[in-house]
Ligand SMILES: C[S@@+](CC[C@H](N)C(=O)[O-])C[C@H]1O[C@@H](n2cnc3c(N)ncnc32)[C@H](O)[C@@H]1O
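Consider the single chain below, provided in structure tokens and representing the form predicted on its own.
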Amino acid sequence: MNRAEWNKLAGTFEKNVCDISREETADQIRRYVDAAKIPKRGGVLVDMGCGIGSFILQHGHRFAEIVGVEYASSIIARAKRRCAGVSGVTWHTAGVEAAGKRIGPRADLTVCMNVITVPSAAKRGALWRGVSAVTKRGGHALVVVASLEAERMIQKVLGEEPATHPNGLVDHDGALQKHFTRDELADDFAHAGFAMKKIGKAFYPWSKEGLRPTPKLRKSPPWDWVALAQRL
């Protein structure tokens, strides 16, 4: 999705984008933030692809300094308004790749949620390098990506023919999106210079897939992978 298309979603972000830090149902992300062992004083958060600021709004109070990065100006304008009560925030209207060079290795915690989804492997590599570039050595990165295992489960529930292309690319309304297996996510983190700490499931409502959550479906909700790793 290009910048102009992303900007158009500013007013309907909650409806049209899975904002996992706001919508996940098992409080998993908070547990992963806790596991990052953020410094009690002077901690720095960099949110790469901050969207409308949901993670900053929920967890920003734990940091002395926050950098929010979002390449769509209309969306970052909403983030600024929503996070007006959060102190110490600097905003960058930029892509993750460019922001990495601009910000430098400062983050005790780098967050990148459902951003590394582009179909191009070369562009995904650049996104991973951006995450690595802003994370200080010994700091942590918290990454959320679409799960290929969950996508296969969803297709089975919907009774649809598999829409998965080679290399984990999934067709969503004519647009290809990268989905990761658990092992693939761990490998990509390692290639980016991180040591994996933990990987788990960040569950979200079936309504995001257009389904009413029946009692049976509630027992097996869809999920994204959430992973925490430490910069080497």
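Numbers follow the displayed sequence, beginning with 1. Being a predicted model, the structure only gives us computed values, none of them experimental.
The protein also exists as the form predicted together with this ligand; that form is not presented, and the subsequent description refers to it.
Contact annotation: W91 falls outside 4.5 Å of this ligand in the predicted bound form, judged by heavy atom distances. Within this chain, N114 lines the site of this ligand in the predicted bound form, having a heavy atom no more than 4.5 Å away. Although the partner is absent here, G95 is a contact residue: one of its heavy atoms lies within 4.5 angstroms of this ligand in the predicted bound form.
Remark: E209 does not count among the residues lining this ligand in the predicted bound form, judged by a heavy atom distance of 4.5 Å or less. With respect to this ligand in the predicted bound form, the three residues F13, V17 and G51 uniformly fall within 4.5 angstroms at the level of their nearest heavy atom. Scanning V134, A146, I75, C83 against this ligand in the predicted bound form with a 4.5 Å heavy atom cut-off leaves one residue, I75. In terms of contact with this ligand in the predicted bound form, the residue from I103, A79, L127, L142 that brings a heavy atom within 4.5 Å is L127. Checking 134-142, 67-75, 148-156, 83-91 against this ligand in the predicted bound form, the stretch whose residues place heavy atoms within 4.5 Å of it is 67-75. Residues of 166-200 that come within 4.5 Å of this ligand in the predicted bound form, judged by any heavy atom, do not exist; none qualify.
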